[in-house]
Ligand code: GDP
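The chain below stands alone and is given as structure tokens, in the form predicted alone.
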């Protein structure tokens, strides 16, 4: 199931540090069209559900705490080869390993405070998009 949409979330660290505009500019410069976007704050239950795949991992509790610590910006992006191209744009999870010019290299502080989430597959992009957006919010 190849699609031309992906999901992203600017995490609490990026929002708190005032990087929303700069990150959105990088997304636009890379040719992505924003088809849905909102600023919100995840509830503890939302964060637990969104990251349920990591529930058995030792970092799960701290991840949930981090994700509920402040507002996020959720967005659905559109571009041919969206998932793969966006993963390349954001860079490695650990900003120390991220390529120069990637969003995480420029704006992330650590593996956990890594500024941005990007879907890792077309299937997850759809699931994550539907988690955060109603159909009427997607254009």
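Note that the structure is a prediction, hence the values are computed from the model and not measured. Numbering follows the first chain given and starts at 1.
This next part talks about the form predicted in complex with the ligand, which is not shown.
Proximity to the ligand in the model of the complex holds for none of 5, 32 and 127, with the criterion being a heavy atom within 4.5 Å.
Residues with any non-hydrogen atom within 4.5 angstroms of the ligand in the model of the complex fall in just one of 56-64, 22-30, 41-49, 70-78: 56-64. The ligand in the model of the complex is not approached by residue 102, whose heavy atoms all lie more than 4.5 angstroms from it. Remark: residue 87 counts among the residues lining the ligand in the model of the complex, judged by a heavy atom distance of 4.5 Å or less. Shown alone here, residue 106 lies farther than 4.5 Å from the ligand in the model of the complex, counting heavy atoms only. Of all the residues from 28-50, none has a non-hydrogen atom no more than 4.5 Å from the ligand in the model of the complex.
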